[in-house]
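One chain follows as structure tokens, the form predicted alone.
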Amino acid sequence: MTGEDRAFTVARAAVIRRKRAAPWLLMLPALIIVLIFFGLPTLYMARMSFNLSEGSKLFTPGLSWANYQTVFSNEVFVGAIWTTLQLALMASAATLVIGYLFALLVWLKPAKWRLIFIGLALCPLLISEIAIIFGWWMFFPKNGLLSFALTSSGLISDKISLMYTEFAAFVGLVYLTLPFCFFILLSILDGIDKRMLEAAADLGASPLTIFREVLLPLTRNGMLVAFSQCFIFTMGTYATPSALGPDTLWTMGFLVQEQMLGRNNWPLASALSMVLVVLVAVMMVFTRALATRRATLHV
């Protein structure tokens, strides 16, 4: 190998190394922020979950599995885990269906209607969760807007109250997560050429066949991403289920708050939080495994 060939090989290897390092260098600031503000607190919380709670102290340094044993042996905690999982799965599935239909409607509508629908989807993001809860408090009670509308239309004869029910908590969670699901799915649909639908229709495919054979495969990864995002949010939220649901609706978020602030049992609250983190991580791995290797440009 001549000197020129050797120099070319070295320069080429340097270029390849720079190309490989470029994505990591671009992500480095975000990785540092995530490590400082999320990674380190999570590690501290994991360590706190192995401490002990004795007497009036917030915690006593130690190394014990007692908190995790309490979580998985206490019927209240186990029931809260199942309740949280069921509520999160149902709310995420409902949000995915509604969000997909809404995104599909906006995608197929002319451009002049697009900004109107996007503005409607942005409305829940422009106000705080507490303000949204106050709005539902005016909608679900016996003298609320829903009962008034149903009695005025003649659909029911007596006033009803859906306040402090599991259905109210379910609706509140769907309302909060719907915008995130909608914008994820809309970005996926925007990356699809609409002429593919026209070509399928010209070949004689019915609307249902077009959806099943064309749209569904192309938006599958986006649907999994939207579902996982909704699941993460509904698993960890505390205010909406506690404010709209019944007193018997004990979620993991509620128990973490109770153990942390009400009982000053930081180790047990940390153990519950770590179980929540693991459940969310398992769902993320599961949805990632279901995703196809061919991802769209917007995922």
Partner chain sequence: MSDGSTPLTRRSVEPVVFRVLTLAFTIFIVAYVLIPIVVTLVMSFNEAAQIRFPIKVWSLGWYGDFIASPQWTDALKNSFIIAVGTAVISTTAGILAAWAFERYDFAFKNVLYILIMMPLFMPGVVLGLGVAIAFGGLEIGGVSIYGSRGLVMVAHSLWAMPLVFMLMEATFRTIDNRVVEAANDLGAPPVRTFFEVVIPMVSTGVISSVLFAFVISLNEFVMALFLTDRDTQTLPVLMWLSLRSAGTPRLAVASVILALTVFACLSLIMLWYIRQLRKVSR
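What you are looking at is a predicted structure, and each value in this text was computed from that prediction instead of being measured. Positions refer to the first chain, counted from 1. Only the largest set of C-alpha atoms that superpose within 1.5 Å between the two forms is called the rigid core.
Separately, the form predicted together with the partner chain exists; it is not shown, and the next lines address it.
Of the candidate stretches 94-102, 191-199, 81-89, 214-222, only 94-102 has residues whose heavy atoms lie within 4.5 Å of the partner chain in the model of the complex. Highlighted residues Leu35, Tyr44 and Ile132: every one comes within 4.5 Å of the partner chain in the model of the complex, counting any heavy atom. By the criterion of a heavy atom within 4.5 Å, Val71 is excluded from the residues contacting the partner chain in the model of the complex. None of the heavy atoms of Ser153 is located within 4.5 Å of the partner chain in the model of the complex. A residue is said to contact a partner when one of its heavy atoms sits within 4.5 Å of a partner heavy atom; Leu63 fails this definition for the partner chain in the model of the complex, lying far away. Trp107 falls outside the set of residues with a heavy atom inside 4.5 Å of the partner chain in the model of the complex. In the model of the complex, the partner chain lies within 4.5 angstroms of at least one heavy atom of each of the following residues of 138-176: Met138, Phe139, Asn143, Gly144, Leu145, Phe148, Lys159, Val171, Val174, Tyr175, in sequence order. After superposition on the rigid core, the Cα of Thr42 moves by 2 Å or more between this form and the one not shown.
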